[in-house]
Ligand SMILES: Cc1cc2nc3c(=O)[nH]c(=O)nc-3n(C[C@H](O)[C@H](O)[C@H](O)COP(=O)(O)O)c2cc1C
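Just one chain is shown here, as structure tokens, and it is the form predicted alone.
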Amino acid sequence: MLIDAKNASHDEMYKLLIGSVLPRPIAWVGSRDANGVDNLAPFSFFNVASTNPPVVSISISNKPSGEPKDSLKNILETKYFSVSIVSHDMREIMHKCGTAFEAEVDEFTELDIKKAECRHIDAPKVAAAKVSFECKFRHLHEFGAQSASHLILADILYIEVDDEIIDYPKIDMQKLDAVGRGSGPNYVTTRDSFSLIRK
């Protein structure tokens, strides 16, 4: 089947892309608004954009109403946020975090997720995360109209890693036990892996 992207509906294109670009790593984004209300939300349109300088990319779509999501508003307002990497033991609570809460709701408190303060920026993070990034907003690129996606590029200022999973600078993938997103309700882990060596 050859699909002409311009003729596919938004829903069709979404299903085609999330069903083919996978597994997708998950950024569990911790942010804070100007009034001090914390927010925590997972996003699977996430990756490393550069290592020199270290930059992450996160794409955040609008709410169904066309309004920007709280994470996006907070990041643009304060310029700082955290990214916690989701390990397998956090999968259920991370999934619940994807619920659309009102802006005044602190997901950490609402879902009883232990919160920690980032060490060098004014943003919350998931206390139990084995890896977390402290990030500063760099650039925004916007796509589309009502169902727009907003591509955020952010500098990684600091990386905090659980001492139990790192032999510096190498992080043990199996000990991190990260979870990625598949299509529909499906998730994957890094437990099933194999190696290919260039000769």
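Source: prediction; values computed, not measured. Start at 1 and count along the sequence shown; that's the residue number.
Another form, the form predicted in complex with the named molecule, is not on view; read the next lines as being about it.
The closest heavy atom approach of V131 to the named molecule in the model of the complex falls outside 4.5 Å. The named molecule is not drawn, but in the model of the complex it has no heavy atom within 4.5 Å of I152. Contact annotation for K63: at least one heavy atom lies within 4.5 Å of the named molecule in the model of the complex. The closest heavy atom approach of H88 to the named molecule in the model of the complex falls outside 4.5 Å. The listed set H95, H120, K79, K115 contains one residue whose heavy atoms approach the named molecule in the model of the complex to within 4.5 Å, identified as H95.
Stretch 44-52 is the contacting one of 165-173, 134-142, 152-160, 44-52, since its residues have non-hydrogen atoms within 4.5 Å of the named molecule in the model of the complex. Contacts between 58-91 and the named molecule, taken as any heavy atom within 4.5 Å in the model of the complex, involve S59, I60, S61, K63, K69, D70, S71.
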